[in-house]
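A lone chain, given as structure tokens: the form predicted on its own.
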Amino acid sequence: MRVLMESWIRFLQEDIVQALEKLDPNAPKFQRDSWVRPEGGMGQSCVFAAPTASEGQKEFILEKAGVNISIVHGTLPPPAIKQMRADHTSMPLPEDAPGGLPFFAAGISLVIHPKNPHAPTCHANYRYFEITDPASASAGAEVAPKTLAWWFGGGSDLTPSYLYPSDATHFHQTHKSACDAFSPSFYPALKKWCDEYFYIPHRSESRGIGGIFFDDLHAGPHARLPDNPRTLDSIFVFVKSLGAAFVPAYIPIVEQRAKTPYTDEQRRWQLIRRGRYVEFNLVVDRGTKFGLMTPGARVESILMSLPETARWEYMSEMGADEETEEGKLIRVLKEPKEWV
């Protein structure tokens, strides 16, 4: 599975980056940064950052974007093990080992921040994690380590600044179709999980209008997915199907909204909403916390998700009036709705 996962995330990364580059042929290409982790493993960060525009220069569709993959291995120290146990209470995990627990992780993580306030931000992440037996891991490279626990996680979600119900329906329907090919029970469960996960408690609102989210998919029973696939291969096929849904779910939305005229006030609102995005990622998101606790954490890649520009206003009046376009978004963020 390690080899299969690495091959797939490399393919998916290139497929998504090419689709994003085709959106705006006149924009600079994504910077492809291959790196090696001294503690074990490697990765590639594909990052776009729009150059500072001079007066009269055409605006690029994307402002900041990153499509990153990592294939890493090593030993989880006690703080990371403690965080892992707190994050994965629904599945059996091995006992602590004095010297830490050997691990392998491979995944793709991406965040796209368009410049136009009418074009939504989008995030996706798909990952595979293994915990192996410390004794077998020290036996030598010629012996495959014994796997004590493994699981898949991931999902994709949409974060608009302005609400276009047709965009929300398209994004959700595309992911629902990918889920329905396996079970009609999957999409409702993953949609509900997404609404619960991407929630900002101190603001009493969601980060965006949701999508799908899942974690701890393994060979045992799953509390949220009673009919979940139970084998390594069948779960991998399911995860690949969800990953393949990203381009058709998101790219058409950006193509449609990127040329919509916008005002300075709409840009102001977009930056306020991006401030909320930052708050979730730095204060709430458990993936960010776990990543920063992992030895040899590549901080630049982890914080790639943050927008280039954000805004915080003291007691801002924007969004307070439910009859405004900003207020209509806030209403949905306070009370998530069913889009399909």
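Position 1 is the first residue in the sequence shown; the rest follow in order. This is a predicted model, so every value here is computed, not measured.
Keep in mind that the form predicted in complex with a further copy of the same chain is missing from the display, and what follows is about it.
Interface residue among 59, 285, 279, 39 relative to a further copy of the same chain in the predicted bound form, by the heavy atom within 4.5 Å criterion: 279.
Residues within 4.5 angstroms of a further copy of the same chain in the predicted bound form, judged by any non-hydrogen atom, belong to 201 to 209 and to none of the other stretches in 120 to 128, 201 to 209, 178 to 186, 164 to 172. Mapping the unseen interface onto this chain, residue 47 counts among the residues with a heavy atom inside 4.5 Å of a further copy of the same chain in the predicted bound form. None of the heavy atoms of residue 27 is located within 4.5 Å of a further copy of the same chain in the predicted bound form. Although a further copy of the same chain is not shown here, in the predicted bound form the stretch 309 to 326 places heavy atoms of 309, 310, 311, 312, 313, 314, 315 within 4.5 Å of it, in sequence order.
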